[in-house]
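First, one chain by itself: the form predicted on its own, in structure tokens.
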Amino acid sequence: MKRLSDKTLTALPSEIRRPAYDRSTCRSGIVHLGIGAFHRAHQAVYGDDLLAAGHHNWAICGASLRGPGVRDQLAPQDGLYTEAVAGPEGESLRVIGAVREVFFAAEDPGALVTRLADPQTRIVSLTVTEKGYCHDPASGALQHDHPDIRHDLQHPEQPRSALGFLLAGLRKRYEEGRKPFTPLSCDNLPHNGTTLHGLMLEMAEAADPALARWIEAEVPFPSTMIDRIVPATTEADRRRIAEKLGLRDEGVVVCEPFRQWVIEDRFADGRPPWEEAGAEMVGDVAPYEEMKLRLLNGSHSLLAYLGYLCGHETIADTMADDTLRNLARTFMDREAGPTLKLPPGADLEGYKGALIERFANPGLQHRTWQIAMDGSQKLPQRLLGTIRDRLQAGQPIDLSALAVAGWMRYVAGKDESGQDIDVRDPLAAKLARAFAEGEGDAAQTVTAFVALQEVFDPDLAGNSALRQALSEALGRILAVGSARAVKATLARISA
């Protein structure tokens, strides 16, 4: 079967949406680091809308930092791929044309640095996941001993990390007297722009204090909030889409109908009119970001760990389990929701109800195992922030503690029937050792976990109320299993 490409676009069935603009006239004003499925299902779709509206200076040059897979998918397709929107009533397809170039950075780091330094590049956006920032999620500090950071400081023209590429591109701009580009984090980090700013200054200070002062004075780091559920694409998805297209598409992405992008409006050298494509340009992203991280992402993590341990493969499966559905909504209502400072005009009840409906979408096969990845990087912003605020207010943390205890049980590496769990986490070995150190005693296990400063700040780790709540929650899971522990916890707090 032929591949999707510029030459084969005309062979698509008439009902398939495709770029109606002349892609050859589009210039890449954005370089995106981490061109995985989420970027292609989210920011690139906004970009495609703008290109279709005639804003042809804002196409995307994508770069994969960790492997050639996306380059190999998209380069033979001229950057084209299909957005498959899976809703409760069926699936709609659209071919996206916003990606005009694709790099695999490790093959020629210098070429990507040159692209970053090119005056045509005005924004460098990132979706490299939490672990791609080479920082301690608990403190936000740069990991100076991270192998990639050490390498990038020693070999600044041949970087490996996202931070190293940003620094190398900005350094060339600085040395050549050019305007900086705007780094735009689109990852699920609290205050992601501020976090990236701090990390870049730490790294620049270690490399060249004069460069650090220029970055501090000249380079804005807007914060953003992104929201769309994007499960991992499967081979079954590719076969199904190929049948509908009549063409093979290796780069297809599957996503839900809902999408949201909130962006702090601070840029060094202009920006696309994203608001024309439905993005919200605001002065302060923090309330939107916190609402999404604590309600959507916090609930996702809760459902991922406990749902997996209860035997559920997907988030939609957890929503078909009345107990877990009740758990998610009660967590939002009782613990996460009351900690929020709401953005203007927010409908909190409507947002929570919509989340439950989105989680239950039968068209999305969003695996609990996928969401459970990299928990050591995700928990500080998804759950521990809620826990800290509630402890400071003297409020109970039963469900948040149950979620964290579920994570502790999950990373042990064996499920409740004794089957291996494929734990994907940069701290996987440390986490497994922490569980083993507990020797089956919940309090000892909690002590071993909270000693991991990469996850738990010392002040939080030393909080006796947290340790007690975690010990009780983990003790219930170890004693009766996750399903019964969830039921018992819900019964206790509703009594």
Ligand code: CS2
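Keep in mind the model is a prediction, meaning the values are calculated, not measured. Sequential numbering from 1, following the sequence displayed.
In what follows, reference is made to the form predicted in complex with the ligand, a form of this protein that is not presented.
With the partner omitted from this view, the residue of H135, R382, R409, R173 that lies near the ligand in the model of the complex is R382 [heavy atom within 4.5 Å]. The single contact residue among R271, R228, R238, K131, judged by any heavy atom lying within 4.5 Å of the ligand in the model of the complex, is R228. Partner contact region in the model of the complex: 295-303, out of 77-85, 295-303, 239-247, 204-212, criterion any non-hydrogen atom within 4.5 Å of the ligand. Within 4.5 Å of any heavy atom of the ligand in the model of the complex lies no heavy atom of A403. Using a 4.5 Å cutoff between non-hydrogen atoms, N188 counts as a contact of the ligand in the model of the complex. At the 4.5 Å threshold, heavy atoms of L399 stay clear of the ligand in the model of the complex, well away from it. With a 4.5 Å cutoff on heavy atoms, L327 does not count as touching the ligand in the model of the complex; it lies far away.
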